[in-house]
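The chain below stands alone, shown as structure tokens; this is the form predicted alone.
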Amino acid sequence: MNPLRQHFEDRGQGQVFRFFDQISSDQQEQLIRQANAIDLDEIDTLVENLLKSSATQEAALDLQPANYLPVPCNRDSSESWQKAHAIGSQALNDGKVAAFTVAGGQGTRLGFAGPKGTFPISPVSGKTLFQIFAEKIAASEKQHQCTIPWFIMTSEGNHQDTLTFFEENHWFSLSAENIHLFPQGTLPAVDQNGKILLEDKHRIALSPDGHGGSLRALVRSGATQRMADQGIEILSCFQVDNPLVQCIDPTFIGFHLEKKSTLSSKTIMKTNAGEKVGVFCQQGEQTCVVEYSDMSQELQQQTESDGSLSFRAGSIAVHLFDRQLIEQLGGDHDSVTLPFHLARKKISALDKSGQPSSIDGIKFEMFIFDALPFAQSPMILETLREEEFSPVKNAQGNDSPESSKQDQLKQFARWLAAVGIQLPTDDKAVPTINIEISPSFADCEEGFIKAWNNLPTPPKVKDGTILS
């Protein structure tokens, strides 16, 4: 018997090669490559600790609301915010910051065939999410006279399509040498008994290792070594589905450095107790994020004397990581690593007879916010939802392309109002004309006011206007 097959047989995972003699030689090679990449010691540990553990429930969480730096009424006149902005700007001038986008998702839920980053989302020109981010990064490079490397984590399923998209769009005028794409790590799905499942007779059922797996992927892909070689000390991390995100925020970077934090996060205030976002909490001496599904109704609805929610600091998956913390948590250090979580899901896999089936299976995932307890002086900074958070997750309703475009329009309208131009709006304050302000023109209100006032002859703003 092939040594690899024997190894899987000896470890109780021989079913992986159950149909090996029925498939072609090319398919056999594909299965062998997949099997060789699997760490059976890790799978055994996950099955033993998460699936076969006799513990039926975790201890009750002793939680308090986390502290955060609130947005002042007037940031322009706040000495602390101006100081932080200057500190962050200097770090950018010195070339110490890179951008990182978690972009493994597909546009399936949006009814879109392709990587989510290639989804068109701007109101007039239909710029894609990737193009919006590229233009924001380019604007920051121009403003701070620096180079900002951009690392993009894809998935096994969308890596080639994402790479082709960037190539066809000439890297959106950024330097191709400074954009680095790499796929996320995967782990095999298992059944209720811990047996590795097959997606097909020649393919193991693999799934991404969760957004926390991005830290392992950054190390294993060589991204952190590349950062070290370039003098990058801070990584600005954000998800691919949010066109309002500030890819590079000097003030955020400045507070991160001033507080000597190794992991900083942005928060928005929850709109209501039932909003389905993770919440920043304090558990003893540690800062953490608790998923809404893990928090009791009593805590979710707890209020302060002024009626505001006690647990109101929602996570929007925007972080600053020190490179050294990524190297520590994403490397091969058994004593310092993110925990895995077990997710029970229906998995498309073969049954014992080789027929396609929907099986009650297990996936193993890591969460990036589990890095908080390992961080030195974790810092949480409030931002405003209307300025920085309007994700595209659903085909319709909240967090949809329509709601995101409306939020973009409202942002553009606020910027124009700051220079004395009032757009017609409906009863929800959404402009009734479609306009667009490209990040290449301005990527924040302050920058817009400056760019607008520098125009020799400001244009008349009408339906279809694009400022770029």
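Numbering starts at 1 and runs along the sequence shown. Note that the rigid core is defined as the largest set of C-alphas that superpose within 1.5 Å between two forms. These numbers come from a predicted model, not from an experiment.
There is also a form predicted together with ligand UTP; it is not shown, and the following applies to it.
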| message | in the model of the complex, is there a heavy atom of ligand UTP that lies within 4.5 Å of any heavy atom of residue 322, even though the partner is absent here? | response | no
| Would residue 263 count as a contact of ligand UTP in the model of the complex, using a 4.5 angstroms cut-off between non-hydrogen atoms? | no
| query | Quick one: does residue 188 come within 4.5 Å of ligand UTP in the model of the complex, counting heavy atoms only? | reply | no
| Partner proximity in the model of the complex: residue 211 to ligand UTP, non-hydrogen atom cutoff 4.5 Å | yes
| Want to guess which of 281 to 289, 295 to 303, 163 to 171, 235 to 243 is within 4.5 Å of ligand UTP in the model of the complex, heavy atoms only? | 235 to 243
| note | Answer key: of 372, 329, 102, 318, within 4.5 Å of ligand UTP in the model of the complex (heavy atoms) is 102
| Of 393, 195, 75, 341, the one that lies within 4.5 Å of ligand UTP in the model of the complex (heavy atoms) | 393
| Can you name the residues of 418 to 452 that have a heavy atom within 4.5 Å of ligand UTP in the model of the complex? | none
| task | Kindly check if the Cα atom of residue 343 is displaced 2 angstroms or more between the shown form and the other one relative to the superposed rigid core. | result | yes
